[in-house]
Ligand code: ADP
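Take a look at this single chain, the form predicted on its own, given in structure tokens.
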Amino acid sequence: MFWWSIAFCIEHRITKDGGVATPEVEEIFDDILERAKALDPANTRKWFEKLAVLHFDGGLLRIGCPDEATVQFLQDNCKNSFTRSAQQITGHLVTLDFSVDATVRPSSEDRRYQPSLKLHPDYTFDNFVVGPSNRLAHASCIAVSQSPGDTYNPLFIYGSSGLGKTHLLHAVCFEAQRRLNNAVIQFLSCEDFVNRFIRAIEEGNLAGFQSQFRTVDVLIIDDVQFLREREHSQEEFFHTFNALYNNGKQIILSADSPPGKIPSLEERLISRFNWGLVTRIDPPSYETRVAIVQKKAHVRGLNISDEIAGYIARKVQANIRELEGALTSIYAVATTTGQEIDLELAQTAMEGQIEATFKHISITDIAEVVTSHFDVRLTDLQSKKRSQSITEPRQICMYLARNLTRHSLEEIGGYLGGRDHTTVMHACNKINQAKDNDPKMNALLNELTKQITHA
């Protein structure tokens, strides 16, 4: 193959700003990018066009990136699709390497980056769409990123899954690093915090663990509700919180509910979480959803009309992740068929998703499937019985109702015997954990969901 012989017989070093620019190699790389986009539309980004070939010789394709965040994203999400694309285009085995190159600059301001944070390059303040549902959370995150420890400490953000909490936490990290030289930031999930704590105990290195988290400038914990029912972890976090707060260091937490409604959380932690600002993110309005669709499309390099953005926003209302899923479906269909993205194509691409997501499902539908599978009566689920044969079906019913309907926690609890929202939340968290850890539970939930959505 002519292209291949050129690429592999000569070592090329190419930059966007100058140097030796070999048209044949650039053309190969453009083809690789287009094939990668087709193979993995969900991870396609507009900034792919800023990537540059640094070296293409002897089976090694080294790709230059503007910063470590981009390298991490490509390494974690795109290496497989890029490798497959390179091998399909060239017809040879190719090994890929992503690295930061000084000649490849981001389109906006330069960003400092702490590699251990593993930040998502899309999750910046510039890419966050502000609306009535998230305005206070956004403003408070900007404030703490500009002056950590001085205002809103701690900052506690809560809301349902997929509404932008994690996006804001990443954005705070980016902005804090840009503004503060040598700032030490720890950003991790609550589950990761707990696992590191357990590992430190097992290895007899508790002092090292405490030094790692009690000496930072900013501590950010995502999904802090996972501290529930973990007494020793709560004890450790309590002392970590006090050490940071007393030294004027910034603490930012996120959860799916406000501090006082996290089940089995110690009162002293609830009290401390309420010391600063507690702010909620709500589901976005129609106008905000339209703006989110347009912003997400721009990030992916998609050109969609206002009519299509409005159509998606009307059909997808639950959360931002579903909006992203709709764009992925549309892009995949357009790439596969070679058609331009118009309203008809968008309707075709989203047909299956809309049917599955917006089929009217009631709690009664869910209860009928669950009671039939477990051979129990609805009155048993609504009773005060606490035997395992009744408790598990009841919790599964709560979990499915939470995920397949738009009923509130209070409404679900009311239907199942007048239980409060914290009981429903606890049940959902317990089933979600079982789903992650037990393949049989995962298979059961998938089967019950299939029966309910296709009933």
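Note that residue numbering follows the sequence shown and begins at 1. Here the rigid core means the biggest group of C-alpha atoms that line up within 1.5 Å when the two forms are laid on top of each other. Here the structure is a predicted model, which means the values were calculated and not measured.
We do not show the form predicted together with adenosine-5'-diphosphate, though everything after this point is about it.
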Residue-level question: is S257 within 4.5 Å of adenosine-5'-diphosphate in the predicted complex, judged on heavy atoms? no
Quick one: does T166 come within 4.5 Å of adenosine-5'-diphosphate in the predicted complex, counting heavy atoms only? yes
So in the predicted complex, does G162 come within 4.5 Å of adenosine-5'-diphosphate, heavy atom to heavy atom? yes
Under a 4.5 Å heavy atom criterion, is N127 part of the interface with adenosine-5'-diphosphate in the predicted complex? yes
Out of the stretches listed (127-135, 182-190, 309-317, 261-269), which one is close to adenosine-5'-diphosphate in the predicted complex, meaning heavy atoms within 4.5 Å? 127-135
Of I292, L227, V370, L119, which residue is found within 4.5 angstroms of adenosine-5'-diphosphate in the predicted complex when only non-hydrogen atoms are counted? I292
Which residue, Y123, Y152, F273, F98, has a heavy atom that falls within 4.5 Å of adenosine-5'-diphosphate in the predicted complex? Y123
At 4.5 angstroms, heavy atoms only, are K296, R321 and E324 all close to adenosine-5'-diphosphate in the predicted complex? yes
Spell out whether the Cα of R45 moves at least 2 Å between the shown form and the other one when the two forms are superposed on their rigid core. no
In the predicted complex the CA atoms of L409 and R272, compared with here and shifted by at least 3 Å, lie farther
With a change of at least 3 Å, which way does the C-alpha separation between R402 and T288 go in the predicted complex: closer or farther? farther
